[in-house]
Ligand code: BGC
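Shown below, as structure tokens, is a lone chain in the form predicted on its own; questions about how it binds or moves come after it.
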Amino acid sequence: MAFFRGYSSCEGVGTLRALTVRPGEQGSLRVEEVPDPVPREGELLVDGLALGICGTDREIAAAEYGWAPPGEDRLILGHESLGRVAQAPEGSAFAPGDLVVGVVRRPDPVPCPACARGEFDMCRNGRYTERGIKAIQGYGSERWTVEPAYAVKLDPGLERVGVLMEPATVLAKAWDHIERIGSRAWFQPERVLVTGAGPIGLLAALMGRQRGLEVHVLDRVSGGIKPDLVRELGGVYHKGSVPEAVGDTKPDIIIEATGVGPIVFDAVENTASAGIVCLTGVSAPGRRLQVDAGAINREIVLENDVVFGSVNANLRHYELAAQALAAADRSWLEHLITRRIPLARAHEAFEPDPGDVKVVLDLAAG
């Protein structure tokens, strides 16, 4: 086994368990022993507590995506992190016992103008790297290291749910950009429609309610926990189509979290005047649709509508997400996590269950 970048290969150093994969090779996912991490100068040493599993992780495991660090053949998976600081350098603003998450993306080494300004989520040249995804080992191990500049401290009361931080940053960014776009003119939205009731959709709904909006959520299931989670927020749950969910009162904002082509185009066509559609779902290529492009263009232009895509997050969004989680009902957040699986049985997290919302690996379990 090749030694992983950021981990010591010295004789006598202990080992720990990590979830690894050989990018580009199907069936290569496994839990294996890797060298115990040794923090570089100035880094935090963190005991891993939990790891969220999402569609990106499943795509990497299916050999559809992902890059190992240069010179290595295996990648430690995991970008939805949660850990507790074991060691912290003096003057770092962190201390042993702090609850932390690690930021996913790192700016490119050039850097591009956006990365140079801390907006590495908007990297212009694509030479960024990402923990557990692209060229940097991830957080899917019993211990990991992280630079203090890319660690975010959480409220201690979020230990059971802090693993939701990374997906929450995606929505913190989405709402940040929605509000920036809205501020181009008078902006006082009243209602939002969220399409998709997975973790991204439900966290979008949570942040909509935190803003005092009337929240509607559309999903394909009629049973299970998702409708209850929406109603507990004070939102309205819909099953069916976007036009049916919209009815006679079109939303000011739509956050699209499915990536399903027909739903995307229905969302674009069904906002109020000067409406904003934020696309957060990633569509699979190859499926062709017949759409009236002229009618869609006419509506967007004549109503001053905006459609934009959003992915990843920078440090500002991590802070906003931490605030949103700290202000949320803890029991509601806990219900988003529908399965907690020990690291030793990590393969089960890659076999989705129809009732799942968020599946989490317990890195501290035996």
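From 1 onward, residues are counted along the sequence shown. Treat the numbers as computed from the prediction; the structure is a model and nothing was measured.
One more form of this protein should be noted, the form predicted together with this ligand, which is absent from this view; the next part is about it.
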### Summary
Answer among 320-328, 54-62, 38-46, 297-305 for heavy atoms within 4.5 Å of this ligand in the predicted complex: the stretch 54-62
### Task
Assess the spot marked by 79, 104 and 312: is this ligand within 4.5 Å of a heavy atom from every one of these residues in the predicted complex?
yes
#### Entry: residue 130: touches this ligand in the predicted complex, heavy atom cutoff 4.5 angstroms
yes
### Task
Evaluate residue 170 for contact with this ligand in the predicted complex, applying a 4.5 angstroms cut-off between non-hydrogen atoms, and reply yes or no.
yes
### Query
Using heavy atoms and a 4.5 Å limit, would one call residue 166 a contact residue for this ligand in the predicted complex?
yes
